[in-house]
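Just the one chain here, the form predicted on its own, laid out as structure tokens.
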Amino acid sequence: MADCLFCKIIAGDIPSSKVYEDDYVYAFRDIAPQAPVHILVVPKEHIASVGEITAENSAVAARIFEVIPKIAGAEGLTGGYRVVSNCGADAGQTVGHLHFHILGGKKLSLEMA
């Protein structure tokens, strides 16, 4: 989508601190981290949110969950990490492109859940 922030980041139109990329997934550091390690993992295909995952595009979501442990391991998150996806404005989703936050690098409080 032409006006999607994450689509522009994936296309290289907006700079990012890339940590991972393959044919289907792009991951980069959050510009306003909520933990010592805060990485966003997004599909290259534009899917608006978890609410738009279907039988036709679910392989992309599955690929993201294959990649998340690899990224967490490369970041040294051996004590654990949190994976979060906000779905819709009421949940705090601010960019209308499916994305998962990897949060770690410290003991996370339950209030962040």
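Counting begins at 1, following the sequence as shown. Just so it is clear, the model here is predicted, and its values are computed rather than measured.
The next section is about a form of this same protein that is not shown, the form predicted in complex with a small molecule.
With a 4.5 Å cutoff on heavy atoms, residue 81 does not count as touching the small molecule in the predicted bound form; it lies far away. Remark: residue 45 does not count among the residues lining the small molecule in the predicted bound form, judged by a heavy atom distance of 4.5 Å or less.
Proximity of residue 52 to the small molecule in the predicted bound form: non-hydrogen atoms within 4.5 Å are absent; the residue sits far from the partner.
Remark: residue 12 does not count among the residues lining the small molecule in the predicted bound form, judged by a heavy atom distance of 4.5 Å or less.
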